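This text opens with one protein chain seen in two forms, each one given by itself as structure tokens under the names structure 1 and structure 2.
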Structure 1
């Protein structure tokens, strides 16, 4: 185990079943976490809660810890800062209300929704012009997001046949929809 991160060595020892490593690591790091939390929160009880949560997160990460990617103390400091920041925001002391950016509305605009419906209708009409097996393969692959092996099982064909059907179907759709690019808002695509 590398000597440049003794905390990482202790964390790996804990992950491998050494309970004394957890005790030693807690003794080394918990006081520093608590100090940082008290400085940020100005509330010892809340800082103790943050310390406990930060240490619990460290123990949960032990099994997947990749030594050499980050120092344990650095990682734990970042977790502590994030936990404190979350608490400060929650109680309204983290930032002034004027500094909070207005969240973007996740809903589409009316124009975008109308364009999306128009595009879906055009695609549906174009798919209806394809041979049934091509349309099915293209829909399963590109609308449902299934992989070729899954489609092969569904359609009871080989994956090579799926690849052929989807390729021919995409080419046919491109030809059918080519004259409608501007109408569908794809002139720049």
Structure 2
């Protein structure tokens, strides 16, 4: 098991029939998966579906889990980012703003909340227009805040390839979002 992976140990316990292991794993992993999906999709319902599907794939993989080859968290990042880019690719355009994740700050004014939802939706829609690998690298780097070496492991590519994908992804995002600057609250240059 790579440098003591407690999630891997729990998954092994689950595979061996431990009735409590699934609850522990869900409590440890589901919140992070949901957050990753919400950030990429800007849609709570879709993010919940992705979370359930990612966890289902984890349960299914338990019996054949190869100890020592990958950390569960790394594996889940990969599964989740793949599921999210699948959703983005198939997403219909023009999603209703009401579907977007609610900001949590109760003090936020309605106008500010609307602005934030618009901005997060715009970012998600722009990610949907990127080539899949660029969208994945950008999301892992800038929405999850992961380092390039970790992203390289998740995406099974070199760190140089990660740097290239994120740089190209940012350039493409800038082009896509440039036309919406005023709508997103940016001052004209």
Partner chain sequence: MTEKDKDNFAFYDLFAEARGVAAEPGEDLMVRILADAARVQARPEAVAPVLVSMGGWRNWLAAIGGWPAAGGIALATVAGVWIGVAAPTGLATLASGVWGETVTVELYADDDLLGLLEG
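Positions refer to the first chain, counted from 1. If you superpose the two forms and keep the largest set of C-alpha atoms that fall within 1.5 Å, you have the rigid core. Note that the structure is a prediction, hence the values are computed from the model and not measured.
* **Which of the two shown is the form predicted on its own** => Form predicted on its own: structure 1.
* Any chance the CA of residue 179 moves 2 angstroms or more between structures 1 and 2, core superposed? -> Yes, the C-alpha position differs by at least 2 Å between structures 1 and 2.
* **Displaced residue check between structures 1 and 2: residue 165, CA, 2 Å or over, core reference** => The answer is yes, as the C-alpha of residue 165 shifts between structures 1 and 2 by 2 Å or more after core alignment.
* Asked: Any chance the CA of residue 149 moves 2 angstroms or more between structures 1 and 2, core superposed?
  -> Yes, the C-alpha position differs by at least 2 Å between structures 1 and 2.
* Asked: How much does the C-alpha of residue 137 shift between structures 1 and 2, in angstrom, given a rigid core superposition?
  -> Between its two positions, the C-alpha of residue 137 lies 51.8 Å apart after core fitting.
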